[in-house]
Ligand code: ADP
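Here we start with a single chain on its own, the form predicted alone, put down as structure tokens.
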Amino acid sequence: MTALTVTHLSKRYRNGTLANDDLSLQVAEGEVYGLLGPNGAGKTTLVKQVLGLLKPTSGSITVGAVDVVADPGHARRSIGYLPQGQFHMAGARVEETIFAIARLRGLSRAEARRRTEELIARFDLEGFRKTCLRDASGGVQRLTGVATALAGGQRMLVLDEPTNDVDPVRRQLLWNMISELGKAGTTILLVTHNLAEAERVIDRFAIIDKGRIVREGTPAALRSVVTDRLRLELTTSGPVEPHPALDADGTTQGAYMFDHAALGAVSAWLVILRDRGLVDDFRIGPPTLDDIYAASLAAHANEARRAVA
């Protein structure tokens, strides 16, 4: 069944800015659906409309069978939400915060207490349960925010950059939980820039740029955007002039893209560097989600330039 349907959605602000431009998507129940895009692409505007916090200029949004444009309160009741910014209950302790949100979500005192204990254990927050959020690290604040989004047991979640400021160990706990929730039937709309880690849990994703979806599909299917390319990750012991066949990916130092046809030439070049003692490590593999993202945005920018010309 479909958990979320967005149809021909547009949002134009009073200053004339078109944040979403005829945007449509569907998310199935139990699907982890990623929203990717540069800052200002329209992701936050879309999320606010799905949550019933912002009314669209045109188009429709349904959560389950309910029109949340007409009934925005339904979205706020039925969706757990983790915003990107700082947590607002900064004066409360971790334990108190999770319990309070569980109660606000309609759980009885006993149910809220059980849910609080479960989430504290799940996110390894036992040592911080009495910590005031204003004194907590950014990672603990973020995990508490995720716990509050889950506190009411909603069957749909919107998580905006959930792993920001989270340490590597708890970040893995968080990704594991997102994966488990999806498999258990919870629908998750995930806004993230951490593509390398998110790729392991995302079922499908959309790349948004200038208010429009420029690519959509599974990570595997979308690799067809760069299917004739390979990725080289290279660590050297000194300055090395890149092989002419290599294109720097622009986001990761020592990472390059190149055509399949150049594999022999690049391999021979790496052997020469190794024999000279200039290579510490290298890895050649298929394109990553980051590569798809960069290629999609570049293709969209080229299309826009051609349209203007």
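All figures in this text were calculated on a predicted structure; none of them were measured in a lab. Numbering starts at 1 and runs along the sequence shown.
Not pictured, yet referred to below: the form predicted in complex with this ligand.
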{"property": "Stretch from 264 to 272, 57 to 65, 34 to 42, 277 to 285 whose residues place a heavy atom within 4.5 Å of this ligand in the predicted complex", "result": "34 to 42"}
{"property": "Contact flag, residue 23 vs this ligand in the predicted complex, heavy atom cut 4.5 Å", "result": "no"}
{"property": "In the predicted complex, residue 292 touching this ligand (heavy atom, 4.5 Å)", "result": "no"}
{"property": "Exercise: residue 9 in contact with this ligand in the predicted complex, heavy atom 4.5 Å", "result": "no"}
{"property": "Residue 19: touches this ligand in the predicted complex, heavy atom cutoff 4.5 angstroms", "result": "yes"}
